[in-house]
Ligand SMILES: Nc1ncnc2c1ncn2[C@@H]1O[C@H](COP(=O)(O)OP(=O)(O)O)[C@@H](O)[C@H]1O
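First, one chain by itself: the form predicted alone, in structure tokens.
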């Protein structure tokens, strides 16, 4: 067997040691994009990485490969695999483990009554998903080493994500004895182990997503689940200083017969500067409310993100990329050049 590459601590995204990470946040903030970029970043730092999708979620693996993703790990490239957890497959696997006979287990699971129960039973779906993740995190290679250094779970949005992470403990209390209690208790202990599991919160620099992220952080901490980092996605680099924006406003106010194209350009300057100012306010509010490692990612000007965009975002996750991006967001001497370097520099930081 070839030697496993050493993990480069200096290149770790968000400075985090690999573990099982649940990526969650309000719907529409870019969780799947961040999950895919984080998987690439950890892989590039030398970690054997598994990207996990959950049935009902958008496909983060599709941002990295055209390969069809199933219940078993599918290689997407060197040191990087992906799989998709579905309720039916997880139920089949659980039944086979409990009943020991594949034919009997498959027939039981294919029974419509069993399917209805699995869909309707409170917490059963979440327990199966968490049980599968626990099993994946416990897998070893033929030398007894962990099979995966990093597992990135593209998790459901805020409310459902919170329910998923807390469900094993609920089930363990609902069933105080028996095999379900035993497994639920073990899975709950796994979810609450900060050495093995953490949550990455994704937000946009807007009032509602930031508020919801702060509330989710407090809820998770109250439940004993480790929140390890935050990602603020979709930041614009301000191309204009306060003085330039004020001058644009003066020009608009001082003339009633401006050329329409010029008026539109000046109004765009004001709108963009105001948007960046609002983003900076929300960024400051998020960082003040979270005592966590944090990363910022630039807005990508593209109708649809490509694999090159995801690779670029993965490089922005690296310490050197974050350092450059923070410097440019803090206000470069030449705003247009700084913005161009970030938003048009899709190859990532130099």
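Residue numbers count along the first chain shown, from 1. All of these numbers come straight from a predicted model, not from anything done at the bench.
There is also a form predicted together with this ligand; it is not shown, and the following applies to it.
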*Is there a non-hydrogen atom of residue 313 within 4.5 angstroms of a non-hydrogen atom of this ligand in the predicted bound form?*
yes
_in the predicted bound form, residue 183 touching this ligand (heavy atom, 4.5 Å)_ = no
*Although this ligand is absent from this view, report whether residue 325 comes within 4.5 Å of it in the predicted bound form, heavy atoms only.*
no
*Though only this chain appears here, would residue 319 touch this ligand in the predicted bound form if you measure heavy atom gaps against 4.5 Å?*
no
_Each of 14, 205 and 230 within 4.5 Å of this ligand in the predicted bound form, by any heavy atom, yes or no?_
no
_Among the candidates 305, 62, 292, 284, the residue which, in the predicted bound form, approaches this ligand to within 4.5 Å (heavy atoms)_ = 305
*Of these, 28-36, 65-73, 284-292, 47-55, which stretch puts a heavy atom within 4.5 angstroms of this ligand in the predicted bound form?*
28-36
_Need the contact residues for 277-315: heavy atom within 4.5 Å of this ligand in the predicted bound form, sequence order, or none if there are none._
298, 299, 300, 305, 313
